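What follows is one chain in structure tokens, specifically the form predicted alone.
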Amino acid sequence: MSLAVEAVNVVKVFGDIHALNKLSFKVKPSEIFGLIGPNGAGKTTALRIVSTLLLPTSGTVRVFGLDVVEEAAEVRKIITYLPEEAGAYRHLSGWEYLEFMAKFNAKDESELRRMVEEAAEITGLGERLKDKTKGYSKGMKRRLLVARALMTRPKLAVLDEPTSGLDVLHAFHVREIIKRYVKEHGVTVLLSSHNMLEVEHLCDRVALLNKGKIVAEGNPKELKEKFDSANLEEVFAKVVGLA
């Protein structure tokens, strides 16, 4: 079976800024892989290239064997992408928003119903789905958007800071959703986060990014043992020379 994601020597330059510097990593099918690091490390740039939204300056990325530049249209059929600052249509209810988005992917009415009902369950918002999204808290919107990203059961879900700005309970709910979808539907997840403590409990493997380069990669438990650290934040500090 081909890798879910294979990035090889990816470089991305914006003017004088090298956002990615020969970035290479591999994601296996049905795993949760995290790109983690501080703001400005290159996480979002990497996810946008994987999602066909940015062209690499050089290097290659393949998603289930498909080149993200040469076969971008085919890649888009098997992935979903959730940006960090995504929003929902303010004047639609939660139900209406999910139905509207499901119509882009559903082959028939039966599949559309399945997607919307599944997404409604994922959100955990209950009767609040009848309300317009302009009245939702940030946590409620994020749960709605994560549901939108997963309801199509993509081969690869690319999630940029999926729990950004959420309180403890909302963040826990979103993490549990992601883990359940991987287990039940074989969805592969590539996510970014600057919350290194959170991803310890979510990701099968992680790559620590700093200034566009991977400075450490592996299973969270193995990384902590290798660097004799209590958590991934401490691992990162040691790797970049802050501890």
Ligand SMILES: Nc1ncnc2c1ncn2[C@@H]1O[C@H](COP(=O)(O)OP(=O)(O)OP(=O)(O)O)[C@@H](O)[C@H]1O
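In this text the structure is predicted, and so the values were computed from the model without any measurement. One-based numbering along the sequence shown.
Another form, the form predicted together with the ligand, is not on view; read the next lines as being about it.
Student: Which one of these stretches, 42-50, 213-221, 25-33, 60-68, sits within 4.5 Å of the ligand in the predicted complex when only heavy atoms are counted?
Tutor: After filtering at 4.5 Å, what remains is 42-50.
Student: So in the predicted complex, are 14, 38 and 161 all sitting within 4.5 Å of the ligand, heavy atoms only?
Tutor: Result yes, every residue of the spot touches the ligand.
Student: Considering the ligand in the predicted complex, which of 84, 111, 117, 74 comes within 4.5 Å of it through any heavy atom?
Tutor: Of the candidates 84, 111, 117, 74, 84 is the one lying within 4.5 Å of the ligand in the predicted complex.
Student: Taking heavy atoms and a 4.5 Å cut-off, does residue 194 contact the ligand in the predicted complex?
Tutor: Result yes; residue 194 sits at the interface with the ligand in the predicted complex.
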